[in-house]
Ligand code: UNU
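First, one chain by itself: the form predicted alone, in structure tokens.
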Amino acid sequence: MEDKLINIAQGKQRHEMHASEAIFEQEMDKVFGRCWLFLTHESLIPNFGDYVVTRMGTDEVIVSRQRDGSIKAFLNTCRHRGAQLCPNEAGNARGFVCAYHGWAYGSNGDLQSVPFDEQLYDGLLDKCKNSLHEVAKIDSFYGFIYGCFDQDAPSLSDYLGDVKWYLEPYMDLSGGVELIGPPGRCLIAANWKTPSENFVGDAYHVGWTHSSALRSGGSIFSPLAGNSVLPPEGAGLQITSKHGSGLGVLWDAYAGVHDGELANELMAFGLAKEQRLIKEIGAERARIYRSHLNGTIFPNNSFLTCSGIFKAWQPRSANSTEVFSWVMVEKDMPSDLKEAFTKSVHRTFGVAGYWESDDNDNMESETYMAKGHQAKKKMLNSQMGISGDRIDPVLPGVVGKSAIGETSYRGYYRFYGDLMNSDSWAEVSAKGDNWQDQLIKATV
């Protein structure tokens, strides 16, 4: 599989991975069956009985707040004949009753009652053995809830690894963030990896793909329109981690894609908080807070911090992805600024956002062309900046040399290859023992 799909040493990947149903089926087992997957945010299920129905790979799951404040997740399938248990996207319930035969479960997943239990089962049905199938591991990263089917997976903290250092200033030390839901949802005719890889490290496309948006708006990125200029030297960098998560940093770009008076208000808000954070966490990490981060938590959870969009790319098939989109905003942002920010996020990266539409066209094209009999055999190139990947004395992870590069692409697919070529987490971990050297020694 590694020789066929992923060439770590040369920064290449085979196009077939964007359209093959056979590869997709392997991914559901080896990637989505093993990795930590985003479920919801604590702010969206604050009270006992609150729940959302979301997806982990191709499986629907119910994520439910428990009486003791903890969170559990279960497959959304009745244990009797496998019918869908909860048809709603979200709500509050003390339990769930199957519409097919009336089997009833508590919010903790326990089977509580079965119609005519004594008469039809002669009292032999063991309710304890017929509880809902529970997701093996649930954990939170500063309010962001993730789940994992594999009991042998590393902890969420270890899985996130080096990227935590970059996310903490914005997601925690700033006072915390929340997601505004319910999520916008739409289907795109694209493989789930195409948007995931784009968000993990593609600043290269911004000036070209989004040229019209940049020219019509007045965002901090507008000078890039039409590839008229490159970001100046030192404008940013890229980072990748052991488990494939990665991000790009554009320094001091707190207003993100937002424009007009809103951009000015955002810059003033971010600058004021940065001054406070300098005293609390130091100038370097305070600067990360006020900088724009584009990233993906491997495999399918992406974000733009200061642009305020948070996404999960939910796979439906090799050629279809359901996109979940939330607005991500700092908790202590003034209510009027938060409202204006939310509207701007929907206008730019919401379901019908003009930035989003630009990207979707490319994602679908990348997937469609991978179906070609000859095209699918060819290798794709992610070699930009390949000679500049390094270990930095201060910054965690493997760090690229500039704002525009493909360091994060290479790290994303290095880990993807490890998963696809391993039968257990022990094998995955062993393959990643020298992950930094694998990337730093890569060459064209």
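All residue numbers are counted from 1 along the displayed sequence. Note that the structure is predicted; figures quoted are calculated from it, not measured.
This protein has a second form, the form predicted together with benzamide, left out of what is shown; the following refers to that one.
*Consider the chain as shown here, without its partner, and state which of 221, 326, 166, 74 has a heavy atom within 4.5 Å of benzamide in the predicted complex.*
Of the listed residues, the single hit is 221.
*Only one of 318, 277, 188, 304 has a non-hydrogen atom within 4.5 angstroms of benzamide in the predicted complex; which is it?*
Exactly one listed residue reaches within 4.5 Å, namely 304.
*Run the contact test on 27, 149 and 243 with a 4.5 Å heavy atom cut-off to benzamide in the predicted complex and return yes or no.*
Checking in the predicted complex: none of 27, 149 and 243 is within 4.5 Å of benzamide.
*Location of benzamide contact in the predicted complex, chosen stretch of 230-238, 91-99, 139-147, 196-204 [non-hydrogen atom, 4.5 Å]*: Only one stretch qualifies here: 196-204.
_Residue-level contact is defined here as any heavy atom of the residue lying within 4.5 Å of benzamide in the predicted complex; does residue 258 satisfy this criterion?_
Residue 258: no contact with benzamide in the predicted complex.
*asked:* With the partner left out here, check for me: in the predicted complex, does some heavy atom of residue 311 sit within 4.5 Å of benzamide?
replied: Residue 311: no, not in contact with benzamide in the predicted complex.
*Going by a heavy atom distance of 4.5 Å, is residue 250 a contact of benzamide in the predicted complex?*
So residue 250 counts as contacting benzamide.
*Do residue 355 and benzamide share at least one heavy atom pair within 4.5 Å in the predicted complex?*
Judged by the heavy-atom cut-off of 4.5 Å, residue 355 is in contact with benzamide in the predicted complex.
*Members of 359-374 lying within 4.5 angstroms of benzamide, judged by heavy atom, in the predicted complex*: Stretch hits: a single one, 359.
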